[in-house]
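A lone chain, given as structure tokens: the form predicted on its own.
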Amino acid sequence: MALVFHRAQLAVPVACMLILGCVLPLAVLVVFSVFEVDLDAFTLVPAFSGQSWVQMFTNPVFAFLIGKAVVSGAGTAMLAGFIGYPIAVSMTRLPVLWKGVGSIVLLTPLYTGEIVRIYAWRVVLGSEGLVNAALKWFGVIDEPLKFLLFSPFTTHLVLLYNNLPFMVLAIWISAELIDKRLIEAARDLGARPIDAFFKVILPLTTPGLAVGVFTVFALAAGDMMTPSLLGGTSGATPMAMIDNLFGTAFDWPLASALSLSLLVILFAFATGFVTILLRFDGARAVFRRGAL
């Protein structure tokens, strides 16, 4: 006799994985955040104190680091959206064979590790790197450009490079799902290409754009290696602070409070963006079709 599973039953393994991989670690962080540290014995004391949270909200350094991460992530997501959107929409018009080639080219940067990509950029942008060497050869500069390496410019350039494929993929998948007859109908009714884009294509690809923006925001805001290795004196991040607090400083309560604060900000960003997203009629139509 064939077994028939309901949707609720199929969701049980996923729910168990979410509880073990997400809810349980968050609960551990919440518990650790109200502990205290005995530095003499290097142990955690379950004192149920709010000292770490008080320090978290009263020390301006943490607010600065969190704000810096949020601004960096949001800026990278916006740039990735502006650059990645036309690339993704253009890829939908390619023949099937060239779509495969395009996806391989798009994912090529992800075939290597993050450390390899970072050091490759250091070779390209260094004082004796390819960019400075080329500018010298053409007579554009007499001395190497210092801002090309170990600066906020380098950090955001590499963050954009590393995360742009995720934006393009999210928008590309969303654009591929658009019924081409809707675009043809808009043009038959006299809509100009720019009108068809803003009234048909953009609203229907908003869900993919939302996924891409949130993915790039989360990855860029939570990146620790790129700012640390390419940002120079401006490379301080809350992730590096969390790593230091958990490791060298052995201040797990403060590290837990800082980690939870970052997660709350990311959740707030996602909630706000989804709220704005649901105002688009095209996005709601996509959601309703997916729920059927």
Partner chain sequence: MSRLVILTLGLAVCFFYLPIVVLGIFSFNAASTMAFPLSGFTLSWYADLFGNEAFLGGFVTSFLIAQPVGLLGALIGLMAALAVTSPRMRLRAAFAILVLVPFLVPKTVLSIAQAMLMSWVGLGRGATALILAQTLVVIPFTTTILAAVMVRLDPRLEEAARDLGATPWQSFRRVLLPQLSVALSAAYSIGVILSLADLTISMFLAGRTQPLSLIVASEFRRELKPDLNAMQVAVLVLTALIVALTEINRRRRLRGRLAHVRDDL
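Between two forms, the rigid core is the largest collection of C-alphas that superpose within 1.5 Å. Residue numbers count along the first chain shown, from 1. Because the structure is a prediction, the values reported are computed rather than measured.
One more form of this protein exists, namely the form predicted in complex with its partner chain; it is left out here, but the text below deals with it.
Engineer: Consider the chain as shown here, without its partner, and state which of Val140, Ala185, Met78, Ala120 has a heavy atom within 4.5 Å of its partner chain in the model of the complex.
Structural biologist: The residue from Val140, Ala185, Met78, Ala120 that makes the contact is Ala120.
Engineer: Consider the chain as shown here, without its partner, and state which of Leu44, Ile66, Met56, Val34 has a heavy atom within 4.5 Å of its partner chain in the model of the complex.
Structural biologist: Spelling it out, the residue with a heavy atom inside the cut-off is Leu44.
Engineer: Using a 4.5 Å heavy atom cut-off, which stretch among 140-148, 201-209, 175-183, 104-112 contacts its partner chain in the model of the complex?
Structural biologist: Partner-contacting stretch among the options: 104-112.
Engineer: Consider Asp195 of the chain shown here, and say whether it contacts its partner chain in the model of the complex, taking contact as heavy atoms within 4.5 Å.
Structural biologist: It does not: once its partner chain is placed as it appears in the model of the complex, Asp195 has no heavy atom within 4.5 Å of it.
Engineer: Wondering, does Ser52 line up within 4.5 Å of its partner chain in the model of the complex on heavy atoms?
Structural biologist: The answer is no: Ser52 has no heavy atom within 4.5 Å of its partner chain.
Engineer: Going by a heavy atom distance of 4.5 Å, is Leu229 a contact of its partner chain in the model of the complex?
Structural biologist: Leu229 belongs to the contact set for its partner chain.
Engineer: Ala218 versus its partner chain, in the model of the complex: is there a non-hydrogen atom within 4.5 Å?
Structural biologist: Result yes; Ala218 sits at the interface with its partner chain in the model of the complex.
Engineer: Within 4.5 Å of its partner chain in the model of the complex, do we find a heavy atom from each of Phe48, Ala74 and Ala249?
Structural biologist: Not one of the three qualifies.
Engineer: Does any residue in 120-155 get within 4.5 Å of its partner chain in the model of the complex, counting heavy atoms only, and if so which ones?
Structural biologist: Residues within 4.5 Å: Ala120, Trp121, Arg122, Val123, Val124, Glu128, Gly129, Leu130, Ala133.
Engineer: Superposing on the rigid core, does the Cα of Phe150 end up 2 Å or more away between this form and the one not shown?
Structural biologist: The answer is no; the displacement is under 2 Å.
Engineer: For Pro193, is the C-alpha shift between this form and the one not shown 2 Å or more after core superposition?
Structural biologist: Moves: yes, 2 Å or greater.
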